[in-house]
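Here we start with a single chain on its own, the form predicted on its own, put down as structure tokens.
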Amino acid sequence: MTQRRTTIWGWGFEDEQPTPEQKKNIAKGIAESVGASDFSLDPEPRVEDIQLRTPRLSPPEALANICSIETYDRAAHAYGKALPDIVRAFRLDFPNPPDVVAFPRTEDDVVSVLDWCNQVGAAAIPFGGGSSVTSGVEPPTGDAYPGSVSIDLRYLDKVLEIDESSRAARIQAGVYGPALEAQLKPHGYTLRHYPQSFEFSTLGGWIATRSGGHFATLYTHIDELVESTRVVTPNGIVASRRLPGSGAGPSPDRMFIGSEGILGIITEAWMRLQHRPIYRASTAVHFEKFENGVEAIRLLSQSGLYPTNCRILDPTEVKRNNVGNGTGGSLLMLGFESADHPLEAWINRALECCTDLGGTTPNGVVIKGGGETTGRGGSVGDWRNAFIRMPYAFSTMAAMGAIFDTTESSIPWNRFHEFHAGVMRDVQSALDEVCGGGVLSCRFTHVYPDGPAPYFTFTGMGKKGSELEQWHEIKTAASEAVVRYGGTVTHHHSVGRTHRPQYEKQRPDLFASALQAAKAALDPQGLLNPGVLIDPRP
């Protein structure tokens, strides 16, 4: 349409991609990290080179002005942003694009598009920012549907109402993270939900996938911030009552939070807000032994201090992100923030827990508040920058044939060490077998009083032309390992199609039947995002 375009075979806007020289440096760093000396970068394709099949559907005249069959729009909605998506797009491999991309401007438009899909039997794929890394936005393959329609909500992007006394807002689901925060800022509020995909993901996407955000403790998932939802389904609209809490049976909101677009299209939600923080305190705590840092985090998670940031990086993760000033060991990124009170007491008490286990703060502590800043930055800022910029290397990885992905999970504290050792062993074995070696690291993204959310990252050099098969073998080994050792197949990246085999091992069978019954009631023809979470009833 008319908005600034994002790249199809990478991450971010087309005009913000790494320069050729930057790509060479990125590729060199990746190759060196896995011990490879030889690599080459394939030339990046052009949108003009994309060849798509002729659309099998034509929108009715009443919807023509909000629908597109343009090549860029269809290709940009064919995949998410996992490594296989980037590789296939880089190869100009688009065997199954959506036939039509709809850009509704109002909830009535969403209803009309779903009505049309119902009339013609077309698959309907809800689309937020398209940042899925689990094959969650792809049209279904095969001939079970006469066509597919990707329904992009980007124009439902407004904060509609703010209730200051309750500190909540009614927000349209298609709003991207930066636009949402820009609308809340003049009122002194923030949703304070910052997934790594923040710049290119939407409120509706966060809710539909149970996104994990900024807070490492307490408000870890989007779940805690949802007050009520409004959802368009093929059988009508489901709007929950806006309440701070309720014991009136199973929560209708919980049915749609994490439903990944198979039950309906979220069009708006009342969200709990935060006052914008004024006070901050942060530091990087160095531990010689990863195990000591893990124990310190367990104590912190059960202390009632609720740090905003509480993420430990193992030695390989420290080296990968070039933080820590070459000190080696592990780093705990620790931070607090508040809109109400200074935080020296909180961070000092947290550091007592850390120093008891050998933690040190070589860069000191940074205190911000009241217009003043004390201390130095250092590793925390370096890590944040590396974290945000990492996805911009996707296109380079595709160009050089690298294998890269992540597996995130959660596990009770009493099983963590066995879990960590087993996953590291099994994934490294797969890397060695498939890629002849590679780099595997672990960090925590979120922590709870009863356990952490470990996040594993693997990188290896693939064989060009075989990257998808190699990725699949390693990714499957990783997903099988986290379930085998007692964790969840996904903590915050959703199930999609990628995690379905392991999700089906984790999910109770009777719950699957109940979910199928709910889908049959809301989506009788089984049109919404088929293949995700469950198969529609025949």
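Heads up: residue numbers just count along the shown sequence, starting at 1. Computed from a prediction, not measured in an experiment: that's the story for all the values here.
As for the form predicted in complex with a small molecule, it is not shown, yet the points below apply to it.
- Interface residue among A281, I266, I403, A78, judged by heavy atoms within 4.5 Å of the small molecule in the predicted complex: I266.
- Here is the short version: of P454, G204, P98, P307, the single residue with a heavy atom within 4.5 Å of the small molecule in the predicted complex is G204.
- Picking from 349-357, 121-129, 317-325, 409-417 the stretch near the small molecule in the predicted complex, with a 4.5 Å limit on heavy atoms, gives 121-129.
- Not displayed here, the small molecule is kept clear of G381 by more than 4.5 Å at the level of heavy atoms in the predicted complex.
- When the small molecule is considered in the predicted complex, A208 lines it closely, a heavy atom lying within 4.5 Å.
- For H499, no non-hydrogen atom is located within 4.5 Å of the small molecule in the predicted complex, even though that partner is not displayed.
- The small molecule in the predicted complex is approached by S197, whose closest heavy atom lies within 4.5 angstroms of it.
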